[in-house]
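Taking the form predicted on its own, here's one chain by itself in structure tokens.
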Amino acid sequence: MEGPTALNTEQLHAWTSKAMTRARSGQLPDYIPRLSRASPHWFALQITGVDGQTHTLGDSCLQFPLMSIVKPFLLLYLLCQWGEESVFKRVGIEPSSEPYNSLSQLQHDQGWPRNPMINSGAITLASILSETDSTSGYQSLWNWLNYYGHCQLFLDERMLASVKSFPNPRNEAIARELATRGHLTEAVSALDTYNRLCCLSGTIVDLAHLGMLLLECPPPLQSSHCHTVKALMTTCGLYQASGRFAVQVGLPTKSGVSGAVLSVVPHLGVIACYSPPLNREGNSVAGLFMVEQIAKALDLSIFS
């Protein structure tokens, strides 16, 4: 099987043109003012192979927040620090058929966060950091990612201010429900830590480097933890679209409402894409299209 860098640039440019046409059907998120002002024409793609070869298209200098793409790496960090038994006492591993910010799903599950890739699960895991250090718990993960992922992530203070400027009653209600049910001790600090993690930002190159962290699992990371994270990305990483994408494309993938998408091609490489317009499920229209075209052209599905 050829890795994703085997594609020629001409083919990638042709798919990019189609992807940007499809992106016109997408929408920018309106609940974070700074994200709503992103240009729908912004685009960046980075494909990195385990052999060190890369393809880069679009504007590789664009900076964007990770948003929900931080969730797999929050999980990975805590698995490395705490171990699977302790982490999965706090959060489940089951897919959700409801949106990523569903309060009704959490209430139906009697306050049990169904998986780490939706907001209830990620806020619960973020609370572990805030319980450890209420002032800068998020910074331990930030430093860890930059060190092991060879990234240059930074906290986008303007994006964080934008997040805080527009109340998010759904996330606030989720945090209160989790606290009421005893799954976290302090809703306000947990939500603040979660927001800060989501506002960790970088370029498409940084995003590809994060993907390689999951792929290569450098010591002292355990490969079993990386496998767990990739499995949950496959079953839960695209919210309600996860099952459909697993069947049609078959790659561990995570999205963020900034328009970023990260796919891991086991043993071969990673595909990172950024394009702000989102579909109704909150996933980048162009990003998912690009991953699908690349995966199908090279038969990259993990189920092949």
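All values derive from a computational prediction rather than experimental measurement. Numbering starts at 1 and follows the sequence shown.
From this point on, the text means the form predicted in complex with a small molecule, which you will not see here.
171 is the sole member of 171, 115, 203, 228 with a non-hydrogen atom within 4.5 Å of the small molecule in the predicted complex. The listed set 256, 276, 269, 252 contains one residue whose heavy atoms approach the small molecule in the predicted complex to within 4.5 Å, identified as 256.
Not one of 73, 154 and 208 is positioned with any heavy atom within 4.5 Å of the small molecule in the predicted complex. The shortest heavy atom separation between residue 119 and the small molecule in the predicted complex is within 4.5 Å. Among heavy atoms of residue 31, some come within 4.5 Å of the small molecule in the predicted complex. In the predicted complex, the small molecule sits within 4.5 Å of a heavy atom belonging to residue 67. In the predicted complex, the small molecule lies farther than 4.5 Å from every heavy atom of residue 43.
None of 78-86, 194-202, 107-115, 210-218 except one has non-hydrogen atoms within 4.5 angstroms of the small molecule in the predicted complex; the exception is 194-202.
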